[in-house]
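Below sits a lone chain in structure tokens, taken as the form predicted on its own.
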Amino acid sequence: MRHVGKSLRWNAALYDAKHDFVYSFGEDLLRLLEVQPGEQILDLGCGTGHLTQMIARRGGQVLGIDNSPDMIAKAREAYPQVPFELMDACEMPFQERFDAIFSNAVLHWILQQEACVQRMYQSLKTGGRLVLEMGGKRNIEGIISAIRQALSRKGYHEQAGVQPWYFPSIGEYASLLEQHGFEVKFAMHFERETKLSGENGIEDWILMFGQYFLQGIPQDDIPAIIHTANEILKPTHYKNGQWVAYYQRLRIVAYK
């Protein structure tokens, strides 16, 4: 597999309009964070800032960071009272600043996992906690397979070999955290069947999250590729008039 190098340009409007399930499901993760008033909290990969704002409303002194200029711009516009910074998680400069790091649906996008885990550890105070949810082993494997088949049928074998995500097992990610000093207190891996919005659910999903597969492909070829992926997925991912995605989630709480 070829790992990606070029960063995405996120469509913040499409994210909020069609993929609000990402942060809606993240509200459940906030219960594990157990925000205490006055705590210094980092929201790593804050997106458009919805969960960052919820942490602030619970009394946390929160900072939201994301490496997407579009996401940060939308977050600042929506929540001007909350601080947001454009930042790469693998280059965070913080030293023992935060009581907690919160991260929802972000860490699977980071392929430089060792660097990221090291930075998270350095950013936490002693006794600080990391509360995360990310894609786990076998996450969206049907969608990935369909996109790769569609690309290969069109002759785009290089794009079909792209590996945009890191979807670890509990053992793999817990071991990585422990190797860098964390103590894992809670870990679970679970399936979450997720309804996608509208008749173009899979198309919108691919355009939002599958951009790495489409880089370097002429615009005229993209609709045919997406149509082929749709047809491959329809027997398994279109149920009672509703597109669904089969997510596998990894949820962890660890302490420094």
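All residue numbers are counted from 1 along the displayed sequence. None of these values were measured; they are calculated from a predicted model.
Omitted here: the form predicted together with a small molecule. The next part is about that form.
- 109 is the sole member of 109, 182, 156, 84 with a non-hydrogen atom within 4.5 Å of the small molecule in the predicted complex.
- Distance criterion of 4.5 Å from any heavy atom to the small molecule in the predicted complex singles out 140 from the list 150, 132, 162, 140.
- Using a 4.5 angstroms threshold between heavy atoms, residue 249 counts as touching the small molecule in the predicted complex.
- Looking at residue 213, you'd find every heavy atom of it more than 4.5 angstroms from the small molecule in the predicted complex.
- Among heavy atoms of residue 177, none comes within 4.5 Å of the small molecule in the predicted complex.
- For the chain shown alone, residue 117 is not a contact residue for the small molecule in the predicted complex, no non-hydrogen atom being within 4.5 angstroms.
- Contact check at 4.5 Å (heavy atoms) against the small molecule in the predicted complex: all three of 105, 167 and 209 pass.
- Considering the small molecule in the predicted complex, the lone stretch of 88-96, 119-127, 75-83, 132-140 in range is 132-140 [heavy atom distance within 4.5 Å].
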